[in-house]
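In structure tokens, one chain follows: the form predicted alone.
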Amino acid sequence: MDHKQAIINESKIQQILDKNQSVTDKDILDVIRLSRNMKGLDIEQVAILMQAHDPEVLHELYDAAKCVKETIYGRRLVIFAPMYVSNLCANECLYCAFRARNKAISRRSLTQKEVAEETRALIDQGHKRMLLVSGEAYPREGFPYILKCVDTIYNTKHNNGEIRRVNVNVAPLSLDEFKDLKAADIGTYQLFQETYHWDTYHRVHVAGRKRDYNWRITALDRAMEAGIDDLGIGVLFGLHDWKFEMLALFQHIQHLEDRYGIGPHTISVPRLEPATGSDIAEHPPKPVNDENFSKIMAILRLAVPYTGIILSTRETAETRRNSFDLGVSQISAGSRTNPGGYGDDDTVDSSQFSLGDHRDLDEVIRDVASLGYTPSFCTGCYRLGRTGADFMDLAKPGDIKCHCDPNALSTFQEYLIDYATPETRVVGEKTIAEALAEMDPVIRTRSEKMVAQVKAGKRDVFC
């Protein structure tokens, strides 16, 4: 499959960028008003919104993004943590500390015993959903190592807790391997193209299988064909011009929707952060400033309103707080980016990149709740089969909130009882009471019943 013919059309992107360099504030405001109908935007409209600079226009953009997000998903914010099981890698990606020739970090792949230990450490924090991450090489047993890790995580129980859904971010797989991953009962398969720009892609990926642009960009097609219909995509902002990347990302989304009738479940928006042994990571070729980063998040929410937008601990606590009103709906918390990071104290030299938010889970939860958002550990959609087209049928008209709000409150109540500090419990109980008071009566009744079940000792209550 030729990338330019089938998925990314660079010349069309450039034509659209050139055409929309001189749009007026009225043009931008017209698109913002249209976006509030939650039907999404086309690529030309995305290009228009990227030209917003006037403070009043930006205010309208951000307000529309907040409105759309809360109409579809409510004020819940999904919480998860990554688990890095290996930093072995066969690729030479110049921005990444895991690159094969980097001698500045130590290498490690967790044994299954260590995977279980890391899982217990995350359970003891209060986590219920996990993103399994690995460098793009595995121990001697190969890809089955990842399947064993998924199985170990699911089979590790500790006290009142367990990980209820494992999402996976690993190297592109063959069709048969994706079928095996599907059989392992994962949630979302996540893969970033890093940069969609052909020349830039090959400048920063200089060796290894990852150098094959087409193999990577068609991975989500193979995942779909294998039956994995819950996908996460993203761009590593800072490698190439952010406006190009946004339109290319949109083309990729359109490709998935046109071919399979299903867009991505999540979009991640990482910015380049310092990484041991990487000059590019220290000095991004095309850095994205905070204003443009805010626009990226808000525009994505308006352009693809049904998606979960993910912001990781790459960003500072302040940036993450500000993102909640821009359309972000999922965040990682208490993260470590090195194998064994939740159990070891001195493993900084094996991390993939530097973190901007070093707070533990409880502090993040307290902060989120104090801002009026409901931290959610929900995994209900995955486990009830609301993925792919079924999820989109609920998300696009905003009906998914009828499940998101009750599940957020029940899982948050569970966290408060089993894991929260006394200070966080006080803040959290107040947030739950306020959320219930603002709900539609029918949804409130359901939510109150579920919260009461948790308070009575039942666990894993979802609808």
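Throughout, we count residues from 1 along the sequence that is shown. It should be emphasised that the depicted structure is a prediction, and the values quoted were computed from it without experimental measurement.
Keep in mind the form predicted in complex with a small molecule is missing from the figure; the text below concerns it.
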- Even though the small molecule is not shown here, does S376 get within 4.5 Å of it in the predicted complex, heavy atoms only? no
- Query: Quick one: does E273 come within 4.5 Å of the small molecule in the predicted complex, counting heavy atoms only?
  - Reply: yes
- Is there any non-hydrogen atom of G135 lying within 4.5 Å of the small molecule in the predicted complex? yes
- Query: Is Y145 close enough to the small molecule in the predicted complex to count, meaning some heavy atom within 4.5 Å?
  - Reply: no
- Task: Name the stretch, out of 249-257, 367-375, 93-101, 284-292, where some heavy atom lies within 4.5 Å of the small molecule in the predicted complex.
- Result: 93-101
- Task: Could you spot which one of W215, Y154, W198, F192 gets a heavy atom to within 4.5 Å of the small molecule in the predicted complex?
- Result: F192
- Sort through V78, V170, C381, A223 and report the residue having a heavy atom within 4.5 Å of the small molecule in the predicted complex. V170
- Give a yes or no on whether every one of K66, Y306 and F324 sits within 4.5 angstroms of the small molecule in the predicted complex by heavy atom. no
